[in-house]
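Only one chain is shown below, in structure tokens, and it's the form predicted alone.
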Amino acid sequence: MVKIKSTSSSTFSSVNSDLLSLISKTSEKVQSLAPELNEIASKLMDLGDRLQADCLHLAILGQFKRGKSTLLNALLGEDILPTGVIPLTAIPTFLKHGNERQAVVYFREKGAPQTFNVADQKILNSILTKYITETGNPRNYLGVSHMELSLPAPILKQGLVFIDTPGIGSTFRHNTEATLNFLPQCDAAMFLISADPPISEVEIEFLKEVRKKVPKLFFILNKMDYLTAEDQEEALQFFKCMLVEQAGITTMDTVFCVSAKNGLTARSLRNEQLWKASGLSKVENHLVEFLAREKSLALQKALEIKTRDLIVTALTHLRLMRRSLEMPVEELENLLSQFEQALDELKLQRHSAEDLVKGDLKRMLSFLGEHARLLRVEATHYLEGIIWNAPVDPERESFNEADLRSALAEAIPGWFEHQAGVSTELFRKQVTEVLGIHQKRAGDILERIREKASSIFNIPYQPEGKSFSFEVVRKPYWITHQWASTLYPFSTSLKDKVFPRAMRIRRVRDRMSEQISNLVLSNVENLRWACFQSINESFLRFEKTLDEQLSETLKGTQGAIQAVLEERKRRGGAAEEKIANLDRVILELEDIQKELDGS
């Protein structure tokens, strides 16, 4: 592993400056030697871009009125996010670094996002109020999916992206479920509680689910300015005890005691002493120096392996070119023919592997159909239970259908949002497991191609660390599901009035059950289609990645030899100068590889 230069409070990206330098140097060495090597140079440049652009995505979690917005405003250094006594809607806000203030609003429908470039802090605050608060956007009638906010805040420049999630327990259950479904995409989460009132049962239940979904979790105990030093210690011990006994969190990161309100005041006054006293100085240092650095080191290690593999590929290519330049043309033609015969057998194995992938995709989609059928049964049983188990007021002559419709309308989104999370995780695990088997098989085929080329042309063979790598690199995203939850009211027919009261109630329930069947069918199909698209896309990307890597491997072996052969036939004569140039680049790449290997 490349040794990292020690830094005190350097930026997130500077941790990887040594690796970035090696990537840049390697890219320069292989450029322009051959068209095929330009592709390797391009991939190296992509790795460098990824190294520089990668950020720590941190979700901010907490119940309504715990001070999330005030805390974020303090860390950002300005009063940007709206605060108040009314809950926010179910609209997450992504806060990232930008040289200018910019807000981008994304909508549930596929309309174009709306962008606001605003220099003035107060105007930006009013725009946010319009789109993400209950006051400006009651029940999200504007259909906002999420918002991205770019700010020139110093802490965001350190490689952090804050994600302000909807407050739990302040609106509907499906908002909490949507937040839980989003968390596995994040690197870490900050859970905010306050000393007054103490942690609630809703928060405890939420935490039990959070700890299963987020890789790193730490805690903020806010509003400590309301307590004496003695009360602060008592509140802290009580909170820790509740985390262990009620939420089952036995190993936890640091709990930070802060006053977000005093921190925001300190930022506005530029009072460093008050900033430290607020407790937020420790939070800021923890985020930048520990969490961001920790992720940076993990990313560096992963990209070192990828860089080394690209160097190994380039070295194989260059050694084949050199060997092809120095041997007689007749011998080169003979060895190339032997290699192409070996390739025919390996291509047959590739086609066989392709058939196995298609078979697994077919089986998984069949299982998805059965999964959807069982969901329909379970959903119908759950929703009909609400209808048939609802109490009936014995003093009322008519059945209170409106209340029952409201209960169903509230229950449906939460239930299906939860099932969306469960189903997504189920099929994510299955796809990962199945494609992992095919990934190994594909890697073996690609490695045998390189090994065969090295054997036939008598050049050093060096396996790559990962012959075939399938991954999806993307930033966290928020999924908004539109669940059908409305039962249409219907008037009681004249026939119903002649029946006894119990019979009239049963007939109303029967008609509502018929509507439930349609709602269940619609919502399960919505969920099934989302899973189908995800599964199908994963398999298609896998096949595409495999085809690309197979094409690249053939270009780097068979293509490299053929290119040299054609050039020699066309130009003839010796190639001492080109061989000398290749020798120089091979030595330089070998030195870089040794540096990456730490030898």
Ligand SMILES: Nc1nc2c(ncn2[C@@H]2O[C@H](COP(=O)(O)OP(=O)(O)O)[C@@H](O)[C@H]2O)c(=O)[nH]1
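Basically, rigid core = biggest C-alpha set you can superpose within 1.5 Å across the two forms. The numbering used is simple: start at 1 and walk along the sequence shown. Please read all numbers here as calculations on a predicted model, not as lab measurements.
Here the subject shifts to the form predicted in complex with the named molecule, a form of this protein not shown in this document.
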query: Partner-facing stretch of 562 to 570, 546 to 554, 530 to 538, 64 to 72, counted where any non-hydrogen atom is within 4.5 angstroms of the named molecule in the predicted complex; finding: 64 to 72
query: Partner proximity in the predicted complex: residue 225 to the named molecule, non-hydrogen atom cutoff 4.5 Å; finding: yes
query: 4.5 Å heavy atom contact, residue 260 to the named molecule in the predicted complex; finding: yes
query: Touches the named molecule in the predicted complex: residue 513 (any heavy atom, 4.5 Å); finding: no
query: Exercise: residue 83 in contact with the named molecule in the predicted complex, heavy atom 4.5 Å; finding: yes
query: Yes/no, residue 517 Cα shift of 2 Å or more between the shown form and the other one with rigid core fixed; finding: no
query: Displaced residue check between the shown form and the other one: residue 449, CA, 2 Å or over, core reference; finding: no
query: Residue 309 C-alpha shift between the shown form and the other one of 2 Å or more, rigid core reference; finding: no
